[in-house]
Each structure stands twice: as C-alpha cells, then as structure tokens.
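Only one chain is given next, in structure tokens, and it is the form predicted alone.
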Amino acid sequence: MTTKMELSQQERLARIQLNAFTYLRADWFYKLIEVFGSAENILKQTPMALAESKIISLDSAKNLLKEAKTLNPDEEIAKTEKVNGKILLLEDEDYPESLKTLKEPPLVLYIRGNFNPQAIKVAVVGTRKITPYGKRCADKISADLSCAGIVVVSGLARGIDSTAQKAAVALNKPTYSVVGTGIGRCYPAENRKLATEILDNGGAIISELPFDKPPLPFHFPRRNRIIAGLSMFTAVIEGEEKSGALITAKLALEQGKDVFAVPGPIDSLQSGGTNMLIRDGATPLFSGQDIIDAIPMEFQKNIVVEDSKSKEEKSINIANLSDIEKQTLELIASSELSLDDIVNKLNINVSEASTLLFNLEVKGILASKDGLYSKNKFFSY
C-alpha cells in the first residue's frame, strides 16, 4: 500500500497517536495524508477541517482527534520497551510483508517478545466451547506443527486457541498470539500464565491496539484478519457455523490462502462450521502432516525433519510430572500397554485415560503404535 520511506521521530509519534482511534482505516489515513501532508499536520487540524476533506465524517473527526490527543506516544514507547516490545509502523522495513498486502493493514503493530518474520506460520483457531475431541485434535495438530519448526499463530482465547498454544509451549516451541487488547493486558485473565510461558519460550504477543487498550467486542473480528494475514495457512479445529473461527477462515480465503478444517460428528454443533468448510472446498485435516505436506517446495528447507538416527536422548524431570503421570510411566516402563490396559490398571475412565496418554505423547514422553503405548526411546528419566 505504501512505498518505503523514512519517517521523522515526530511523524512516528503522531502516527502512534492517530492509531489510538480504533476505527481509523488505513485507506482513510493515507487519503488524509494526501490532503494534509503528514500525520503531524492531521493532528493540527480542527474536526471541521478534517470533515471538509470528505474522507471522514465530522463525528469521526471529533473522535479521532479526541482519542489521539488523549494518548501520550512517548509513554506508549516507554511501556512497550519496558516489556521487551517494539512498535512497528507500516512503513518500517521489518513490518511483516504479509500484512502490508492486506486490504486493511494495521497502521501500527505492537510486538512483545520475539517475532521471526521468516518463520513458517500457520493459524490454528477454533471455538471457545471446546469438546474433548477438539482438545485432542488441537493438541496433536499443534504439536505436529511445532515439532516441524512451524510457528502456531492463534488468539490466546479460551478453547481451541489456548489449547493449541499450550501444546506448543509444552514442547518449548515458539507460538504467536494476536490479541484483541493492548499487549499490556491479558484477556482472558486465566491465560496470564500461558502468555508468560509463550514469551519465555521465544514466542510473541501481537496487537494493533494501544498498549493498555481493554478488550471490546469489535476488537476480536478485526484481529482475526491479522491472524490470517500472518499465516501461510489457516486450520480450523472446531467451530459453529457462525463462529469467529469461520470469520478467520473467510478472511484467509479472501487473502488467497488455503484453509484446512477438521471433520467432526455431523450431530456436533462445534463441528458444524468445520464440516461446512469442508463441504465448500476446505481441505480435510487429519494431522499436522497434512499441512506440512502442503507447504510449497521453496519453504520445505525450513521444515524440521525428525530423523530417529540423529536424535539425542533427552532427559525428563519426573518431579515435574503429576502423580498419575508417574504411575503411568511406571506401568509402561517395562511393557507396551493399550488404552484399555491403562483404564483397568489405574481404575480411571476412558476419557481420563485418553487425555492422560495423549498429554504424555505430546510431551514426547510416550510413543504410540498400533494402539499400544510405550516409553519414547529417545527420552530418559
């Protein structure tokens, strides 16, 4: 949308201020730039002068100037840098290229943590009303992608989003969260620990909103275009036919990107959206390998191929495992066991046993083949 240009510090500060107006679209902004010459000059105008440009209404002009002048851009920069963050403008060289081509690119990006623009990124999204089936799928697919060196991009929301990102974190892999608040907040609050773990594992939290912006309903559909824009593909795990995850899928398709969807039971509301996507042409998703196989050849060099002959044995600290996980390891240490074996020996139900075994497999502690579980030979404990 824009050509590369050097911005003065005052112009950068003015653009950060104007970005405080949540409804400011990129096309409006650059039309205003054409008329008034710079963001600095836009801030010097009266609401009437801005409205006379016929680009925005008088009410929008009033709110734009009010919100912009309420925000202190020097404080925004200081608070962002204090949390190991940075603020990127659309004109900056390290602003993500895939976002520059969006119909409505973010004018400003706040990035907290470590963001690698060269990494292969895949969006993994879905319903907040996650089912046990959806959890298993999100865990497995996210783990498959993370182990291949692909960065999972999601929204730090309840349900599928946080499940997918927890799976990456459990493997000490980076994952990127695009949030509907400023990067100085965490929503929902229950994911505060997850947000910290994401940053600790080399991931990033990303937003187009000012540092302390609270969550508002209209923020979340807008952030979905960034999730899709950053990602090579979008994978939808579960979602009703009118869920936010399907908005992300729609935006990805509008951006010319492939969408994958996990098929589910036809009588499950949470699989209604994914089944509809498949009916309408999305690629059925059965494992992370389906996505890995679809990555273009020129990017395949960035995929991590796990060769069992070259793996180094890794050590597991048993103290970090739960009591039931330790019991499971004791049972499996000397022989292969099935799901039914675990149910009977631990006296737990099938759902609990399935979740337990799956979590141990995602952590790389157990290996499974033909329905039997055994200790992963590349790990010691």
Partner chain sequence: MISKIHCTAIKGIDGFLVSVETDVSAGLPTFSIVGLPDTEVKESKDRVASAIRNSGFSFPLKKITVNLSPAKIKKSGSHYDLAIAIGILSATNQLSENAKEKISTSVFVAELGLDGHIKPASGILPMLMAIKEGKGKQINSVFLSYDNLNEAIISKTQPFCPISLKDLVYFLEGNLTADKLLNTTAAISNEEEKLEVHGLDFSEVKGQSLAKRALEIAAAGSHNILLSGPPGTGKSMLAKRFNTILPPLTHDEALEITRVYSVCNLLGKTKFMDERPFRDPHHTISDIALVGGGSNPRPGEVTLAHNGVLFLDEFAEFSRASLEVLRQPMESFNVTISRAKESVNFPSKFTLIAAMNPCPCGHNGQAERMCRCTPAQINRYKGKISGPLLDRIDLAINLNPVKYGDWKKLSEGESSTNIKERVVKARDIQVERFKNSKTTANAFMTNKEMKQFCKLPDDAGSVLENAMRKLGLSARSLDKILKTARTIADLEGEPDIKSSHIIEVFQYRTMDRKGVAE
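Take the two forms, superpose them, and find the largest set of C-alpha atoms that agree within 1.5 Å; that set is the rigid core. Note that the structure is predicted; figures quoted are calculated from it, not measured. Residue numbers count along the first chain shown, from 1.
A second form of this protein, the form predicted in complex with its partner chain, is not displayed here; the remarks below concern that form.
**Q** Using a 4.5 angstroms cut-off on non-hydrogen atoms, would Leu321 count as touching its partner chain in the predicted complex?
**A** No.
**Q** Using the partner position in the predicted complex, report whether Glu40 sits within 4.5 Å of its partner chain, counting heavy atoms only.
**A** No, Glu40 is distant from the partner.
**Q** Report whether the minimum heavy atom distance between Leu71 and its partner chain in the predicted complex is within 4.5 Å.
**A** Result no; Leu71 lies far from its partner chain in the predicted complex.
**Q** Closest heavy atom of Ile55 to its partner chain in the predicted complex, within 4.5 Å or not?
**A** Ile55: no, not in contact with its partner chain in the predicted complex.
**Q** By the heavy atom within 4.5 Å rule, which residue out of Lys121, Lys140, Lys79, Lys166 makes contact with its partner chain in the predicted complex?
**A** Going through each option in turn, the one that passes is Lys166.
**Q** Check for me whether its partner chain, as it appears in the predicted complex, comes within 4.5 angstroms of all of Asp340, Val350 and Tyr373 - heavy atoms only.
**A** Heavy-atom distance to its partner chain in the predicted complex: all three under 4.5 Å.
**Q** Would you point out which of 122-130, 252-260, 81-89, 277-285 contains residues with a non-hydrogen atom within 4.5 Å of its partner chain in the predicted complex?
**A** Among the listed stretches, the partner-contacting one is 122-130.
**Q** Mind listing which residues of 341-363 have a heavy atom within 4.5 Å of its partner chain in the predicted complex?
**A** Residues within 4.5 Å: Asp341, Val343, Asn344, Val350, Ser351, Ser354, Thr355, Leu357, Phe358, Glu361, Val362, Lys363.
**Q** Examine Asp27 after superposing the rigid core and state whether its CA is displaced by 2 Å or more between this form and the one not shown.
**A** No.
**Q** Pin down for me whether the Ala353-Lys129 Cα distance shrinks or grows in the predicted complex relative to this form (closer or farther, change of 3 Å or more).
**A** So the answer is farther.
**Q** Over in the other structure, so in the predicted complex, do Arg136 and Leu337 pull closer or drift farther apart at the C-alpha level? The difference is 3 angstroms or more.
**A** It is closer: the C-alpha separation of Arg136 and Leu337 falls by at least 3 Å in the predicted complex.
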